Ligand code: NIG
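Here you get one chain, nothing else, as structure tokens; it is the form predicted alone.
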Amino acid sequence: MHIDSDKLVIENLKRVVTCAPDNSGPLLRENMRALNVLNDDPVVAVKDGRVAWIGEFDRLPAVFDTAERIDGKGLVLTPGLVDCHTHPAFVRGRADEFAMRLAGATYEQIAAAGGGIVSSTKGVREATDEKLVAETTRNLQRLRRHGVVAVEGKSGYGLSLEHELRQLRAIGTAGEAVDMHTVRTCLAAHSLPMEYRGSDKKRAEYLKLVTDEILPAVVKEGLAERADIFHDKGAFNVREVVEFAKKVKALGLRLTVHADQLHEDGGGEIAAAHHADSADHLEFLDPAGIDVMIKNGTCAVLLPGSTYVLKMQQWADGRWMIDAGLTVALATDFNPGSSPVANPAFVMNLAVMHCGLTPEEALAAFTVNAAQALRLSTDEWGVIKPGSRAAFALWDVDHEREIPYYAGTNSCIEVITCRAWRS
């Protein structure tokens, strides 16, 4: 629901879960369970795309007497969710690989057989611009229906100058079409395209293409704020990540890293050493990485949807990370291969069941902490407070802890955005 009005009041709510820290910044340690809830006949008033007032209905300022009204139907209002790690620019699913995994094939075996990223790359390269935009729009709509208002969207299925730029343009266009704020990330260093496999020389040539041609072109067109690289055994190694990080910084982009997903290889520590926004996955995070991540402000983004789909035995230890003082966020990792999961509530359930988070922590991780992972203002995104963006999710639950409790259910009955909320 998009309300084209300069003033709006959302009333008749059971609870307003603000997710707003007492001070600016993410929610840490025990504060992740303190979501600052209003439950005494609360209303939220909006003016010019921003929250202007929150409080009890009887105290609503008179200036909002003539504002448009939305009936909250006695339900729970939260900030619109922030999905800080997705791969939405793909044109076809990979259910055939899903069947292969069910038959026992591993992620690496599927990739070696020509599946995985290679399959998605073929789809992107063969699609027209219109088809790519249409499918990316469809994918973002899937996320919005589950409460997402701000999304990080990665390229990484083009793996060439032309097609990486096409993906990033498609993400921007699709975000406009579905009224969603997008943070774009160039993931040209996702994998080696087939034409650059087979020798160390070709591998080096592709990384040079990424750092010397693709990323500068991205910066020139203003198509992304960040760059990402997949660091793991079988992906890009430590030396390559370090070289990549230096180039990214020189170009004025921010860094994020796929780290420690399949093996323990120091990815979290390397990401933090180069002041990455986040290190993502972290099923095999080395304890040595935590102190460096905390010191350098690198967030931990957990992606249990992919752990689940890949049938991995080891889950990211979110309890350990939170107790240590890391900023912990959650995201869907929505993509056609390892996480065809567009339901954040299901990801919250996985985090609660397998990663040690409480339901309150899971919601904090998908709101204000996810905003921090993207370096969006935590006074504006993933919170409900005066000055925050007028973007909300309305849930058909009695209490916010029921959002992850009803596993696999989409309890989000409405996303509410207002005129000028993205301005």
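Everything numeric here is computed off the predicted structure, so don't read it as measured data. Position 1 is the first residue in the sequence shown; the rest follow in order.
In what follows, reference is made to the form predicted in complex with N-(iminomethyl)-L-glutamic acid, a form of this protein that is not presented.
With the partner left out here, N-(iminomethyl)-L-glutamic acid still marks one of 329 to 337, 311 to 319, 207 to 215, 169 to 177 in the model of the complex; by a 4.5 Å heavy atom cut-off that stretch is 329 to 337. Using a 4.5 angstroms threshold between heavy atoms, Arg184 stays clear of N-(iminomethyl)-L-glutamic acid in the model of the complex. Mapping the unseen interface onto this chain, Phe230 counts among the residues with a heavy atom inside 4.5 Å of N-(iminomethyl)-L-glutamic acid in the model of the complex. Shown alone here, Ile117 lies within 4.5 Å of N-(iminomethyl)-L-glutamic acid in the model of the complex, counting heavy atoms only. Though the partner is left out of this view, Asn139 does not reach within 4.5 Å of N-(iminomethyl)-L-glutamic acid in the model of the complex, counting heavy atoms only.
A heavy atom within 4.5 Å of N-(iminomethyl)-L-glutamic acid in the model of the complex is found for exactly one of His163, His146, Arg94, Arg226: Arg94.
Remark: none of the three candidate residues (Thr78, Lys385 and Arg389) comes within 4.5 Å of N-(iminomethyl)-L-glutamic acid in the model of the complex, counting heavy atoms only.
For the stretch 141 to 160, the set of residues having any non-hydrogen atom within 4.5 angstroms of N-(iminomethyl)-L-glutamic acid in the model of the complex comprises only Tyr157.
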